[in-house]
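The form predicted on its own is given below as one chain in structure tokens.
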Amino acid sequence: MGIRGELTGSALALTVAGLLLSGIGVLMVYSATHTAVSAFEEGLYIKQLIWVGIGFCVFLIVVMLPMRMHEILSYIYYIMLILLLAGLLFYGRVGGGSMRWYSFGFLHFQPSELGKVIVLFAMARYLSYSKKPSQHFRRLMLTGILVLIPTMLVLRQPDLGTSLVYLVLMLAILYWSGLPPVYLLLIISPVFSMITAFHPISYIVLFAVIILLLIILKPGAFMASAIVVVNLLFGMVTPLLWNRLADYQKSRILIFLNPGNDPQGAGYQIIQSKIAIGSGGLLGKGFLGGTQTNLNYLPVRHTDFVFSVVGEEFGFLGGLVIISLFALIIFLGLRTAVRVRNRFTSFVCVGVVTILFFQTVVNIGMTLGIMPVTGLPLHFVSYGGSSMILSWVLLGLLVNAEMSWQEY
């Protein structure tokens, strides 16, 4: 097995961008933990460096493997994922109020992270072979089933952030398959029904808009009926679902709306993050110079809130470098998605770009206080083995597609 295809400038740029982000991540993890009082956090930057090395080796393997192999094995991957996610209900390791990992001594494996790629493979495999029109009900329903089964298992852990990634991934892939945006609006209309269910007038207005869209689009009696019934159900069960949310999930939503409600409790993290980023100014306080970071005011600063450390120590320009590197990867990924000749590979490229874009926006928005805290890490930069390996797998798929774009 060797390197396939041509090493293009774009493939090289993608690889360099990944290495730069990983290098920045190791430095930020060191800065975030070098004054930590917890023995657990000592030396985490060395572990992160090891994860980068492992991730890069996985990246090389992904680049070497033919995309055609993933296309053939997509459904087998999917069945294995479902078994792994279901197994967590019985053998998962409990941590932080959720059960997301298999524990192998010092090593913890989180199947839902790898599941982002596997769900993408399964959808890409199905849609690339489907001959039905993009808005055909059966096509949409089967795609939805492929996504909803792992999503429900991940929600059971519970892990709201990862389950949102699966759903956003489905919308992006359906759009890329040719589904008109207005149909996407109808698909996500139950979400709006849930939000407006607490305000009867808003709910009635939304329902009138949905009915109007159905009259204009004429998607067929069965599909129209299904959309109406689902929106009615979501509107009615929202109060029940709210009562079934875990306390920390309710708290995250309420604190997102107003962090000042509990400044010493659930709102403390967002407030400290905004102070850290705001105090960094244009150029920041310098490496290891962050007071919010080094005086341990900012919780989980080496994982979900690592961008706050960047903002405090390297200021606006440091944050801009991170965002620019992600923007470069996303731009090159989309360009590859357009020019590859294999439909499955094109779907995979769009899915990879969607995962990177969504998690970057949500993570950075979370640290700035404009997005709810969902627990999604910043790819390549946040501490964590599963996240780091997934980051390099995603990049490997883009580089693989770029180097073999002429293959059918």
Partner chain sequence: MNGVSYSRERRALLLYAAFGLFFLVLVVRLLLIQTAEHEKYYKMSEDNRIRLVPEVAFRGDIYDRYGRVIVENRPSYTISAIPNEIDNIDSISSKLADLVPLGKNEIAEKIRSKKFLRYQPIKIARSVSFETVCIIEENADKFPGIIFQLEPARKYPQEGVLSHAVGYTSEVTEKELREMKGEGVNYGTDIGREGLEKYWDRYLRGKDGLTYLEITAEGKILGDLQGRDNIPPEPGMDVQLALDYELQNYALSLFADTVAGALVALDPRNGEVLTFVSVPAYDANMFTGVLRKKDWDRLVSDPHKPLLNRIIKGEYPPASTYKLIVAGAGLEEGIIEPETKFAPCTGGYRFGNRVFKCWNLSGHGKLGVIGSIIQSCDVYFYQLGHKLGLEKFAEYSRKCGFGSKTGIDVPGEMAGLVPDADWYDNKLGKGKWPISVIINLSIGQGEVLVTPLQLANFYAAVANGGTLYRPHLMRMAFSKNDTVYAKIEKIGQLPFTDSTLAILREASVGVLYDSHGTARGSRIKGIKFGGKTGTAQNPHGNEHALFCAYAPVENPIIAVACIVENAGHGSEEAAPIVSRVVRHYLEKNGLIPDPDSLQNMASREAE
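Residue numbers count along the first chain shown, from 1. Source: prediction; values computed, not measured.
From this point on, the text means the form predicted together with the partner chain, which you will not see here.
**Q** With the partner left out here, if you bring back the partner chain in the predicted complex, are T15, S22 and L240 all within 4.5 Å of it by some heavy atom?
**A** Not a single listed residue reaches the partner chain in the predicted complex, so no.
**Q** Using heavy atoms only and a 4.5 Å cut-off, determine which of I204, L282, L245, I145 is in contact with the partner chain in the predicted complex.
**A** That would be L282.
**Q** Of the residues T303, Q135, T196, Q272, which one places a heavy atom within 4.5 Å of the partner chain in the predicted complex?
**A** The option sitting close enough to the partner is Q272.
**Q** What stretch, of 117 to 125, 155 to 163, 223 to 231, 328 to 336, brings heavy atoms to within 4.5 Å of the partner chain in the predicted complex?
**A** Selected range: 328 to 336.
**Q** Hey, in the predicted complex, is M67 touching the partner chain, heavy atoms inside 4.5 Å?
**A** No - in the predicted complex, heavy atoms of M67 and the partner chain never come within 4.5 Å of each other.
**Q** Is there a heavy atom of L295 lying 4.5 Å or less from a heavy atom of the partner chain in the predicted complex?
**A** Taking the distances in the predicted complex, the answer for L295 is yes, it comes within 4.5 Å of the partner chain.
**Q** Taking 4.5 angstroms as the cut-off for heavy atoms, does L27 touch the partner chain in the predicted complex?
**A** No, L27 is distant from the partner.
**Q** Closest heavy atom of G375 to the partner chain in the predicted complex, within 4.5 Å or not?
**A** Judged by the heavy-atom cut-off of 4.5 Å, G375 is well away from the partner chain in the predicted complex.
**Q** Note that the partner chain is not shown here; using its position in the predicted complex, name the residues of 304 to 318 with a heavy atom within 4.5 Å of it, in sequence order.
**A** Stretch hits, in order: F307, G311, G315, F316.
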